[in-house]
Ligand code: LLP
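What follows is a single chain, given as structure tokens, in the form predicted alone.
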């Protein structure tokens, strides 16, 4: 039990006398104080992950830009800033969050396949570290807007290296059939014209393989292929952005390479490159195992054929990953129970057959209405992908630190649901 908890929470979630506690805070107390469903984040896990990532890659002196899309809460961003990280943004809203928190412009990178004119103008205005270019028309747009604003902007060409990795097909971003990046022929042609661009200064390349990557082979292949591309086109990049995607333990039995192994492989590959500024864009690795979704059992529904549903007050609008990606999240009872177990689907109240948080999951036989369950691995792409579907209010967010809790986002009120609407 303790080994399982350590793998899915870096040891921040513990069983204390039969009651689960996060950094010493009983989850039953959190439910009583803040209600359910609610998101909790462990400060201990967040800082441990930041420190481990920085230590692993220290020999390469990279610019580590936390991927805002994973979890965009301002308090989380402020913590990243405190520890010296930069930000990877993909929209004007994320860029404005970065500005609000006070991130230095030279620690912000902007990616994304569909940047608007307004977004490009904002990037130029704030002179961010660099902008990733995904297509030829976009490069022309950056050139036009930079010149109009009497400025220039460092740009990276995002390469589609057509590399497959072992992850869900929705988060594979380096296959040729995906919408991301430039094919190598187009990228090579743009490089031949790079000296003609005055506002869009092409200074490097970018690739991103995907998300929840558990082994290193993809990075080895990508770095080899990217290096060959640069050599063939007589291009010495000043900046090399290799994205993020480092995997985490969603289940205790998951086999995931340690971050030190990823760093070692990348360091060895880069030893054969000319001096280049490395940029990393981790998101899930930093916040995924720090987050938990706390939920209460509403009903236990048993069918005559033996199928059982545990209906809880959290739903796919709160955590969409199981429905969207068929993702596994470890689920535990907050209070330890004795006796047997039963197998059930853990589902929410949403009017969709796909509204489930777990399927065929073994749970304590004594589980009943009013009991609490905690869903682990919910720190990344949890709240940031939440919605108001079925006119449900999005949950509150709580930061837990040294046996203390802080409300970092209020639970939405019902009036928030129609606040922007006109009757």
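This is a predicted model, so every value here is computed, not measured. Numbering follows the first chain given and starts at 1.
This protein has a second form, the form predicted together with the named molecule, left out of what is shown; the following refers to that one.
Visitor: For the three residues 73, 81 and 86, verify that every one has a non-hydrogen atom within 4.5 Å of the named molecule in the predicted complex; reply yes or no.
Guide: Not one of the three qualifies.
Visitor: Only one of 145, 97, 335, 321 gets a heavy atom within 4.5 Å of the named molecule in the predicted complex. Which one?
Guide: It is 321 that has a heavy atom within 4.5 Å of the partner.
Visitor: Considering 348, 181, 282, 291, which brings a non-hydrogen atom within 4.5 Å of the named molecule in the predicted complex?
Guide: By the 4.5 Å heavy-atom cutoff, the listed residue in contact is 282.
Visitor: Does residue 325 make contact with the named molecule in the predicted complex, using a 4.5 Å heavy atom cut-off?
Guide: Yes, residue 325 lies within 4.5 Å of the named molecule in the predicted complex.
Visitor: Quick one: does residue 42 come within 4.5 Å of the named molecule in the predicted complex, counting heavy atoms only?
Guide: No, no contact at 4.5 Å.
Visitor: Could you tell me if residue 330 has a non-hydrogen atom within 4.5 Å of the named molecule in the predicted complex?
Guide: Judged by the heavy-atom cut-off of 4.5 Å, residue 330 is well away from the named molecule in the predicted complex.
Visitor: With heavy atoms only and a cut-off of 4.5 Å, decide whether residue 361 touches the named molecule in the predicted complex.
Guide: Although the named molecule is absent here, residue 361 would stay clear of it in the predicted complex, with no heavy atoms inside 4.5 Å.
Visitor: Name the stretch, out of 393-401, 27-35, 353-361, 63-71, where some heavy atom lies within 4.5 Å of the named molecule in the predicted complex.
Guide: That would be stretch 63-71.
Visitor: Within 207-225, which residues have a heavy atom closer than or equal to 4.5 Å from the named molecule in the predicted complex?
Guide: Residues within 4.5 Å: 208, 210, 211, 212.
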